[in-house]
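Coming up is one lone chain in structure tokens, specifically the form predicted alone.
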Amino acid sequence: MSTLEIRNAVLAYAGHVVAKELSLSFVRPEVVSIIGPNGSGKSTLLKALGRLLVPTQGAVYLNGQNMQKLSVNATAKELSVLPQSAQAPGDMTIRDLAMCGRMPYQSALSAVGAEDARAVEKALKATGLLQMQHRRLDKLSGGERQRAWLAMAIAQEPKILLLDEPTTYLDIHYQLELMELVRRLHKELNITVIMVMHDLNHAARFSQRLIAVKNGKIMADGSVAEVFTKETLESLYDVSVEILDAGAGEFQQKVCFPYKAGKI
């Protein structure tokens, strides 16, 4: 198990402060969704947690150590980041992409070893891609492509997985397929998953913890029951909402229905 913490962080681009006074900790394997309106600082926060953005003040700590003092490879063996709209050459195969996840374990002159092959095969099995591992990326559907990128991230054998809007551009079928896969990977691999999510109902259904961000600050942080409320969501998004019960049995969940006042 790995821990991740951001303490008293100020995040900025080209001198423009996007978020400040950010402090969060992730100390046990769980699925966490970061929610909030566009421009609130969600993806910026995720980039800082994934070492893609260095705080101008404060720091991010991985297993109690300042991440900036760790080597890139040491960080990558603990933490994997899958950014939004990741790109790769279309003539790469699924297996080739998954093998890229083994780069932190290899030197410039080393060949692919048995341990690398084992990790890639495990990742392909976990994402349901083993039988199609030699297909080119440009021949895949959107859902299959997202699973291929997940396979690469899992091949790193991380303890923490960061995902930036993983369901973007996917239709409902593939959104549900991907979210079910993320939840299963969390359970089977006992890893922490931290996602930026726009779909509130997916966030509520597939997460154990929600972090609400607005104007670069943490507005709420807690269980789904604590954060997924009418009061919190209305304040977060500046719209009226109704929280409704949907489904039945094990598929029952709370869903958010947003509306403008006077137009329900």
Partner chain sequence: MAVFSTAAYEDTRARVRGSVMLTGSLLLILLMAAGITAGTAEVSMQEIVDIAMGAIHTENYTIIYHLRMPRVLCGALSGANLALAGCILQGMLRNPLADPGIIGVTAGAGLAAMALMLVAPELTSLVPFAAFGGALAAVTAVFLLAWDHGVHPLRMILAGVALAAFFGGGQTALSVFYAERIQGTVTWLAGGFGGAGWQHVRMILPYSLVGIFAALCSYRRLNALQLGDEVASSLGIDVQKSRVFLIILSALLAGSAVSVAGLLGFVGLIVPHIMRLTVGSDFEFLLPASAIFGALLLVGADTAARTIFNPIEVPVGIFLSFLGAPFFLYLLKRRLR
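Numbering follows the first chain given and starts at 1. Note that the coordinates shown come from a computational prediction; the quantities given were computed from them, not determined experimentally.
Keep in mind that the form predicted together with its partner chain is missing from the display, and what follows is about it.
> Classify D96 as contacting or not contacting its partner chain in the model of the complex by the rule of any non-hydrogen atom within 4.5 angstroms, answering yes or no.
Output for D96 is yes: heavy atoms within 4.5 Å of its partner chain.
> Any of the heavy atoms of Q156 lying within 4.5 Å of its partner chain in the model of the complex?
Q156: contacts its partner chain in the model of the complex.
> Is the gap between S80 and its partner chain in the model of the complex 4.5 Å or less for some heavy atom pair?
Because a heavy atom of S80 falls inside 4.5 Å of its partner chain in the model of the complex, the answer is yes.
> At 4.5 Å between heavy atoms, is A88 in contact with its partner chain in the model of the complex?
Answer yes; at least one heavy atom of A88 falls within 4.5 Å of its partner chain in the model of the complex.
> Heavy atoms within 4.5 Å of its partner chain in the model of the complex: which stretch in 179 to 187, 165 to 173, 117 to 125, 72 to 80 meets that?
Answer to the contact question: 72 to 80.
> Which pick from R51, R205, R209, K214 sits with a heavy atom within 4.5 Å of its partner chain in the model of the complex?
Looking at R51, R205, R209, K214 one by one, just R51 meets the 4.5 Å heavy-atom criterion.
> Need the contact residues for 116 to 151: heavy atom within 4.5 Å of its partner chain in the model of the complex, sequence order, or none if there are none.
Those in contact are Q131, H134, R136, W149.
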